[in-house]
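To begin, one chain is listed below as structure tokens, in the form predicted alone.
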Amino acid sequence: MKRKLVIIGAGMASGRVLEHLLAAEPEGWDVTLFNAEPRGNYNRIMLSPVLSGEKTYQDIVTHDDDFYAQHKINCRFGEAVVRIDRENKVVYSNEGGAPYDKLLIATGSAPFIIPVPGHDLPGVITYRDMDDTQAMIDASDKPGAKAVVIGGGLLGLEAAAGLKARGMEVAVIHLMGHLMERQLDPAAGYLLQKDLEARGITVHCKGATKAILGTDRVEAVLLDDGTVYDADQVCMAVGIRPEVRIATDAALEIGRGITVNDQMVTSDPDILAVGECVEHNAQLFGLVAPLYDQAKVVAATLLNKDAAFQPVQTATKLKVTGVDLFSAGDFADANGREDIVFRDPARGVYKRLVIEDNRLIGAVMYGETGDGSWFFGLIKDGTDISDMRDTLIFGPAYQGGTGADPLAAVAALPLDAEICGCNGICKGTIVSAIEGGATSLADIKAQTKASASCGTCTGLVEQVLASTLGDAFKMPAAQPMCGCTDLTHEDVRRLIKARELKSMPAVMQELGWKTSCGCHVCRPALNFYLLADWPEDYHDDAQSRFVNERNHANIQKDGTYSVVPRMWGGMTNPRELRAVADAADKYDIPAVKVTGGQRIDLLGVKKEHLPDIWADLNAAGLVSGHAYSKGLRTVKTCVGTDFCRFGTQDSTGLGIKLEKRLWGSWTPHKVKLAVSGCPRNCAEATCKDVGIVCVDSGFEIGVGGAAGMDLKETERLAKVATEAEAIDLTVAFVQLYREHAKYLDRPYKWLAKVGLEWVQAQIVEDMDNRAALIKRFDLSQTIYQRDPWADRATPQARADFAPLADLTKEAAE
């Protein structure tokens, strides 16, 4: 006698269950198949090619009418199940019931909808099934139609590519810093974004949707930052949730999904579940490979055979024609893990392997993914890669040889091997130049142009020189920025500007970084270079800053912090002093110190008190003094003509104007200014980064002084007649320093490299350049001149600064 099997949901998992079950026992089951959609099983992961027009619905049908007829399956398509009667073992739709001996729930998942205003307007859809796909195809018929896709994950990007292929103008809004952040690291995410933008798709990362605008139907999408994208259609692809409503109503055990055991049986022994709706060992599933494994186990369980579902590693590929992307395993940073990185900027290739305990645990590849399956096999099998570590990144074709010797490899290259992709220079051309007398990198650049463009082949050119000249070649003394790159700070700064690189992943990919995400040396430097050169495009990365700049206070040797409010030009008033005194009392601050920069330092502040003390000081009108930053620290002044009988100018007033113009700007290192009202120099202006000494006939401006580990008097930059000129020259000097200095070089060290005459030519003699520098500085200040204390004196910040646990309250054992 046939047993009755009822299946709720005609997705890919339930279709695969039917195949296994009916192949093993074709006459053993009387099957009823419910599906809310008015159609049977089809390959949902191929909806993207249907959307783009590369396939039709008929092409992706997995089980057609003949299949259902052959196996006498009672198809109840277009009927949503409304109730499960577990006691009597009957499933009901609005059209009637169906009894079962065994029930299989395969309801899949439901798309998540961001509950922003306008989310229910006509024209806002999700992307889960054929109806959604058809709605997008219909919308693309309108000439000049625009679409906004919210969500830069797998599904969102496939929707965006499909809509673009249909001729729509498409923008992708993604909340995170790079696309597909769950599958890709920032470097691969950058390449993917670059590829999509080259196809005409606008990508907006770090974009939070504030509202969907429209009256009768969707018209635009408004973001938190004020950006508005016009839209005739909005596709939300921001995530999925297991569809568990029918199981919840039936009082089955539910976690995040329908809870199943290793045999895919729910809390009811006669009800099984499969696919995206289940939760197994606290894990949910969204990729097809584990769903197919589940289907095998479901069929075996129904056939009373032994089987157990055990999740395995899965790999990801994006189904966008022309985009080669592969991701598998775990590639998060962690202690004890090593990276092997290969970049080929000219071809847009990036490969990263993550190794732990001599085993490959993760792989990310972009642009060249042919070896993905081989790497995936190493991950799944836990293969010991010790013997092939040196050549692992090059794939299976390079295994079994001897260890890699860079010089031997270069020596073995044929003469027609291309060395400089930018200028098409092959090895033979370089060797000919060397045989003609070239002995240095500069000679090669001058004679062949190799490494004279992007510079990423510099190391390779030097290896050709070394392998050809032998001991006669001396490697240049210039030190690279860090172990992540062979380029110097100066090279990186030049290339960031020349190639308009506006993000950290862009710099690392295009300049051939050897590591996936940089290190503690290069990340702070890159963060500064990018925000200094592209203030409108680049967003400051707090995680690339040192701890004092992240916490906006100086950490002390006992783990407490010092708090220094800004006092413009060293001036204060009773209200500010009372606020400082009250804060010292309220937070039990052990030490209050007057600094050499004419400020008051509150020492010994507990980290968890920082947001509160900032809020209290803000209430009195005090802002951060940036005593911790690579930026403007103080402008020290004397009292000037207001009180001093020797004063020649209003030095205090000038100091306050300078401080209010320059505060908040980020610089390569700290910057200190001083203004003295007369040559007696009570403000010690002649040992500051910028020092102005007022005289009867005007203002003498000196730069490049130091009074720390090095002691150096300022060099005379210029003498000007007016206060306005003094301010302009100071601002232009600071901006010139911002644009050209190496990160962590104080102004006096930078000045020693470029020379005072060069600086004078730039900002004293060239008035147009001076004006342009001032304009760029002021533009940057519109973005960065913000009080970080006010930004962080919030409930959220208080939580971030709170200790994780108070272990002093734990009993000792």
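In this text, residue numbers run from 1 along the sequence as written. Bear in mind that the values here come from a model prediction, so they are computed numbers and not experimental data.
Although it is not shown, the form predicted together with a small molecule is what the next lines describe.
The listed set 127, 528, 375, 366 contains one residue whose heavy atoms approach the small molecule in the model of the complex to within 4.5 Å, identified as 127. Taking 729, 81, 450, 221 one by one, only a single residue has any non-hydrogen atom within 4.5 Å of the small molecule in the model of the complex, and it is 81. Proximity to the small molecule in the model of the complex, taken as heavy atoms within 4.5 Å, picks out 47-55 from the listed stretches 745-753, 760-768, 774-782, 47-55.
Proximity to the small molecule in the model of the complex holds for none of 186, 505 and 537, with the criterion being a heavy atom within 4.5 Å. In the model of the complex, at least one heavy atom of residue 155 sits within 4.5 Å of a heavy atom of the small molecule. Heavy atoms of residue 30 never reach within 4.5 Å of the small molecule in the model of the complex, leaving it off the interface. Contact check for residue 61: no non-hydrogen atom falls within 4.5 Å of the small molecule in the model of the complex. Taking non-hydrogen atoms only, residue 97 never approaches the small molecule to within 4.5 angstroms in the model of the complex.
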